[in-house]
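Quick heads-up: it's one chain on its own, the form predicted alone, in structure tokens.
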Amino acid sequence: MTGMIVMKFGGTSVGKPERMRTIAGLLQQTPGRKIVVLSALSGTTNALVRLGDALVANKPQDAAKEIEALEDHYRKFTDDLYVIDAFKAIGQEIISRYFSLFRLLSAGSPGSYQHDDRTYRELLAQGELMSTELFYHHLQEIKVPARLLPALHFMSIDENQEPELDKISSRISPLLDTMQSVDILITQGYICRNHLNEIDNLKRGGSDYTASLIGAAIRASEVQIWTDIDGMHNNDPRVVNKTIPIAALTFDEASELAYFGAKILHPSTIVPAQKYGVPVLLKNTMDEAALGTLISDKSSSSVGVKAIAAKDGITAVRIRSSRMLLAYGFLRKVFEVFEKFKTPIDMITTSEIAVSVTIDDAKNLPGILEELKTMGTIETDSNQTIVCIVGNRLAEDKDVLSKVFTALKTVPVRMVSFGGSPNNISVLIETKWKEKTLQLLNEGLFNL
């Protein structure tokens, strides 16, 4: 199976008929066998969530409006996508079939839907099933040989909602063997089956995660993630005016950036590809000529900062206690509290009598604080942001801290973490300082 590539196209990449046609052209230009992973058309999953919420709330009129609006969008999309009357008819039949299902769901007995989470998950899966079926028939219309490779036949998660990579690999191999005659295999992102064999979804990372899992399962030569921007940038282009795409990152560098807020990639996406050393290439559907960003296990020889990312929604917790002095076991007790409430810690700093930690999920904070109060005085700060500065072997760069803090001399910094990773310097600030911080670091570290 080695030698195949995996090409994933997101919702915006398939969101308009002309973009689907662009993808068809890309596939024909790309040599060799490929598995094509498609998301639902942009906006579809959100619409299906609203539909599901209306059904749960027993609001049939709201549900009917959602169905009508979405069906109108798909019928126009389908009519524009196909040229030949016979394929226009096939497209309309596909839409009728799926939307009959939605109407059947909404016609159920009042209140029954809210007790059936399985039906909700099946509803959310329909977007990917529709997009792949529509695209497959587009390829048929333009006489490009292709086959559908149903994700529900091989993609699965266990009882902890973790992907079963070994099982995925063992299931997909024989399927690929039966499809040797075609070079283009189309499958659905996001959707899978759970340990009860029910339709479910991957949640974290969605279709990107699917692509990486398939790439790892078949030991692909490359996984390509096609989005609407030209690779990962050195800073957040939504906040900072002057940003530049990054040509190459290591898996560790990309993971740090993804975890700390780089929206182009979910942190889970990297894990399966990294396990088997499968390179991940981030490309732009809207600009095929752009080089994009290559993520691999090859590190750069040069030392220095590559990119900056920011993660909002952070809460800082400080525990002050004289019992920390010369005491062993204190930090273990603190960590056990967070472990008990299944709440991960992002940053940590310590002094003689205090320890500060940050969390990005405050759902269990009341219970955490109640237990921590037995250990000392507790202070919390919400509305915080972690700004993460990522690069290659930063600990060897004797000037990097000086540059960071010179750039941030007008910004109040709440916490600093450096040395835990050779790729990362993290600073904690109030969220109201985020935009200024990103702009100042862009100027101070990249002269942009």
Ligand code: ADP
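All residue numbers refer to positions in the sequence shown, first residue = 1. All values reported here derive from a predicted model rather than from experimental measurement.
In what follows, reference is made to the form predicted in complex with the named molecule, a form of this protein that is not presented.
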**OP:** Choose from 330 to 338, 348 to 356, 192 to 200, 227 to 235 the stretch whose residues reach within 4.5 Å of the named molecule in the predicted bound form, heavy atoms counted.
**Re:** 227 to 235
Subject >> Residue among Thr12, Thr431, Thr22, Gln439 with a heavy atom within 4.5 Å of the named molecule in the predicted bound form >> reply: Thr12
Original post:
Which one, Ala217, Ala262, Ile270, Val223, lies within 4.5 Å of the named molecule in the predicted bound form by heavy atoms?
Top reply: Ala262
